[in-house]
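Starting off, we have a lone chain in the form predicted alone, written out as structure tokens.
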């Protein structure tokens, strides 16, 4: 039986929509509620559920932008859209009366959609909660007739509540728009693969444009010139990228249609960034949802059993989210204009530590001119000696971010403590977890919740299993954007700073879908040996390199023995251009 994931608990609108769609298509499924939209997306993307649902628009409250972002981030495939009549009723305990109600629990979107109704109730306070199911459940559990919830009739039946008022929406025609999703690379037995394409299809894109007059108009004219009907256009700020904005557009047609395919190709040439979120069956006719009964799965299958079924559906590996089996084609990350994944090779250059504005700005321009596509620099430096230079702290973060903006290079910097994570994520594109923090599990959870890409370095004496387990912590919190980094391990050999374990690269590429970088600077610790190890790292299948570069290595405040001068860095990049990028098949995957 298929497991279908939704955000919330039994009786949530998402569960009603998902159950209705599957039932309409004759698909038997057990629904599984999870705490957040992000976890729902990771559950589907990780093949722990064959189907899922996400709200993307409310007719009154507008776009649910998080859902568009999750589609882009996790690469799940949209199957169909559903317009669902959100028939909000006021639900209370048997025997309760509307005049006695003092608190009403509801999802924030529902509160918005019922604004006029709520404003007409004197001495009543609306209290936001996670979803419609939670609101009804808490009323049923609390036993207080002065507390009610807003939700549909099906949810009232599920929790043995009664309707104290009907048609509470500001507009009786209120509906919300949902997308049914499946894994992008679903297994052959996934029943959603058999869903027939409808005559009317839609496609959704997310894109950004250069900040020049007419840039957006030029993109939209691509649709008009091909007589493609646009259905929706919205935007939001692109966090961490100044005043840049991300645009979402829905239009009629399928990516496999020649006319649409040509339009998308033109979008790619015109836009700064473009993500094709997918094509799906468009809703036809009046919104669904009127008179829907409580889902049978919710009535007859206890939550504990559904969770046990979901666990049994896990891929048999201690790392179900990280395992190559969960995403055989490999993960591809997009960080600014940089694409990290199979078929691409990324070079991250910069100093071990940010020392001054002049130093980091000069280095940023130098590494960009010589072929680096990302900029590294430490602001918080864990050092063995308490007397060693430990970075400029937040001043260093600001200087690195400035250098990134000045050159257009995405930035990478180490975060050392939980309280640094959120502030660091506001300015830095990739959060690095250093070798000494690889098993700081609370820190791993924190970066897993923040959503920024994470560069996870292998610990000084960590096995590959321990590295994968650390990555699993991050993905389990909902952040799939992880890059693993081999930076050398501690062995008995004293000739080099560490022993660079290049054999880890093909092993990791076989076992995980995550990109793998190599840091030869820390791996060997001696400047003259970095060049051959860079070539070897690319040859053995690494997706990228971290290389330490400094304007004046002998004067560097940290790791001066391994820092490269600008020209030598440029020679290494030229060397690497002559080495082919390895594919999955080249490393036995």
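Positions refer to the first chain, counted from 1. Nothing here was measured: the structure is a model prediction, and the numbers come from that model.
Below: the form predicted in complex with a small molecule, not depicted.
In the predicted complex, at least one heavy atom of residue 414 sits within 4.5 Å of the small molecule. None of the heavy atoms of residue 373 is located within 4.5 Å of the small molecule in the predicted complex. Contact check for residue 381: a heavy atom falls within 4.5 Å of the small molecule in the predicted complex. Among residues of the shown chain, residue 169 is not one whose heavy atoms approach the small molecule to within 4.5 Å in the predicted complex. Comment: the small molecule is not present in this chain, but in the predicted complex one of 434, 152, 453, 404 has a heavy atom within 4.5 Å of it, namely 434.
With the partner removed from view, the residue among 522, 48, 38, 538 that has a non-hydrogen atom within 4.5 Å of the small molecule in the predicted complex turns out to be 522. When contacts are defined as a non-hydrogen atom within 4.5 Å, none of 10, 107 and 137 contacts the small molecule in the predicted complex. The stretch in contact with the small molecule in the predicted complex, judged by heavy atoms within 4.5 Å, is 434-442, chosen from 144-152, 157-165, 388-396, 434-442.
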